[in-house]
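First, one chain by itself: the form predicted alone, in structure tokens.
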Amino acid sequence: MDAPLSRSTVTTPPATVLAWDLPTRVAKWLLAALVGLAFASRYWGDGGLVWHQWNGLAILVVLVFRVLWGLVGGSTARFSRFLRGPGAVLSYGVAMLRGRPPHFLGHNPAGGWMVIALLGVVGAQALTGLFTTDDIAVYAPLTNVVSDETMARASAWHQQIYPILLVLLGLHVAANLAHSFLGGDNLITAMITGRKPRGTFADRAPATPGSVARALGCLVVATAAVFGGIVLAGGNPFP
């Protein structure tokens, strides 16, 4: 007859599981900070908007990094793991309305598409900024390689995209607050600590983190892509 297990040999599972790896969390909060600084540097920065332009270049680097990390990063960061079809999004929305939404370790079906929308709109804002000028003191990195008509159109789009970005950011913040305080899924804390309480999730748990070395490689490639791309296009990547 086997001897009973002693108290010391019983393994208690941890109270939390990994949800988001470090590179994913750093990219999210860094992008949020840079978007906020872009607003501040636009209205309270220098006359030539040099800091605003540096801000935009940094945003582009983080965006390219996030796209790369969405392909080769940790499990919950990968687009293939959290982008779901319209049926899944609709089902999740119905479950939300009924007050019984399934819990996801990573992005839920609606949240995944919000991530894509934010990346796309922030990217469009940053890209149009590369061609923006006020014809007086502000000349963005690629204004010397396009026509006056293109610069005027890009400058107009840069202004018009901004309110769309504000709406998406407002929806994103509101959804995170609602989930954190009403839905029993504290997304804000999880994106800071990287962990969620152990439970039953609709996706796989725990998350598989991406390596820091791979993240650094993605960062090098992203930086080279942004600054090298501007140089190859004939622009000046240093405002």
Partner chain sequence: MRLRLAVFAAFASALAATAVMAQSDIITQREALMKEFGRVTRPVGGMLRGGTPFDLAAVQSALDIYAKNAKALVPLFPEGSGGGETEALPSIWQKKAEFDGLLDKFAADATAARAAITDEASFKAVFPGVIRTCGTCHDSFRKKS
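Residue numbers count along the first chain shown, from 1. For clarity, every value in this text was computed on a predicted model and none was experimentally measured.
Not on display, but discussed next: the form predicted in complex with its partner chain.
Checked against its partner chain in the predicted complex, the candidates Met114, Val72, Ala124, Ala137 yield a single residue with a heavy atom inside 4.5 Å, and that residue is Ala137. A single residue from the set Ile192, Ala178, Ala202, Val50 has any heavy atom within 4.5 angstroms of its partner chain in the predicted complex; that residue is Val50. In summary, the region of this chain contacting its partner chain in the predicted complex, judged by heavy atoms within 4.5 Å and restricted to 61-69, 192-200, 24-32, 42-50, corresponds to 42-50. Looking at Ser91, you'd find every heavy atom of it more than 4.5 angstroms from its partner chain in the predicted complex. Proximity of Leu165 to its partner chain in the predicted complex falls outside the 4.5 Å heavy atom cutoff. By the criterion of a heavy atom within 4.5 Å, Thr150 is excluded from the residues contacting its partner chain in the predicted complex. In the predicted complex, its partner chain sits beyond 4.5 Å of every heavy atom of Ala110.
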